[in-house]
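Below you'll find only one chain, the form predicted on its own, shown as structure tokens.
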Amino acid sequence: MGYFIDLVIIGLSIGMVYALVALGLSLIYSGLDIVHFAHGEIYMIGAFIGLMLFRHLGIGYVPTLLLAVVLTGIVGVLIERVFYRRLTSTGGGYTVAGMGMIIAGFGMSIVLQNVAYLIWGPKALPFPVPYGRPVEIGNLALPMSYVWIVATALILMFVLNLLLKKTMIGLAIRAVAHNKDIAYLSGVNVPLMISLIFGIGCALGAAAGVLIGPINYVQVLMGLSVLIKAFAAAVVGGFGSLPGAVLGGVLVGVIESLGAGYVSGTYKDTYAFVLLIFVLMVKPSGILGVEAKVKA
């Protein structure tokens, strides 16, 4: 029983990382109607920014996390405004260029990887954070790194929920996600909201990168596997659904951990897709997804 609980705790902590990246993917999808295939590289860039801040400024882990989130969010806004906007904006409204945006996402992924290679090199870098002693609950000792991941992820999700549900900016974001043309006619600055949505999505990816960095090494190719798992999590939960992204991330993390513990760690990367296939067979729109009704 203790071994099972350990695996669930590990899966929950890793699942929270997947959930943050999936949240960013779903948020960007709801705002731009695209799947951002460079989001794994945003996660990687955020981890490197956090590592550099922690090493060279000598600030604490919490300020490092917050500053890395803000800086990566700004990078995301710049990427959207300088590159993606030229493919999506037409006149006063905001439309999507379809396949062009998908190709641009792949291209941005390659560009960011090569920029990271030039700046930080190909070697995996350690991110040493002194977390402190494990938290003991009865006979169970929880590593502080896992506690940090779960607690921080929950706080970020709570803050995002407050932003979207309790503020005027959140109302404008939800209006843009629902219908850009109607939002524009209602006086919402749609391009500004699109940039904000993209920046928040990138900031969530950066938070995940900084949280996982002290457990794993920070390296240029770290975003690829996380993007695939986060994409699976978003689809499992219902693509475009923010609560679904969280649920999907947790499920993918726990299933992956249990599979690695009880079946084989060799196939660790396949368990997420077994779950994905099963969920799509039962409910093609995802667990919390909404079936799209097509009118004749």
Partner chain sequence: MLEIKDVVGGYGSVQVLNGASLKVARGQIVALLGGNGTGKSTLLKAVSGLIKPWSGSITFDGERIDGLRPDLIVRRGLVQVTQGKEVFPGMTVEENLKLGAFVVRDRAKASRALDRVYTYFPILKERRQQLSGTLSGGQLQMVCIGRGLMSSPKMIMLDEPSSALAPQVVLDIFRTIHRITQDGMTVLMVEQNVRMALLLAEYGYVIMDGVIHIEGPADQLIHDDNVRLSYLGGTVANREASLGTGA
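Just so you know, these numbers come straight off a predicted model, no measurement behind them. Residue numbers count along the first chain shown, from 1.
Not on display, but discussed next: the form predicted together with the partner chain.
Between the partner chain and the residues Ala151, Val159, Ala124, Ile182, the one pair within 4.5 Å by heavy atoms in the predicted complex involves Ile182. With the partner omitted from this view, the residue of Ile119, Ile74, Ile102, Leu171 that lies near the partner chain in the predicted complex is Leu171 [heavy atom within 4.5 Å]. Interface residue remark: Ser186 is counted as part of the site for the partner chain in the predicted complex, having a heavy atom within 4.5 Å. At least one heavy atom of Lys165 is located within 4.5 Å of the partner chain in the predicted complex. Though the partner is left out of this view, Ile215 does not reach within 4.5 Å of the partner chain in the predicted complex, counting heavy atoms only. Proximity of Ala175 to the partner chain in the predicted complex falls within the 4.5 Å heavy atom cutoff. You can rule out all but one of 128-136, 187-195, 143-151, 107-115: in the predicted complex, only 187-195 has residues with a heavy atom within 4.5 Å of the partner chain.
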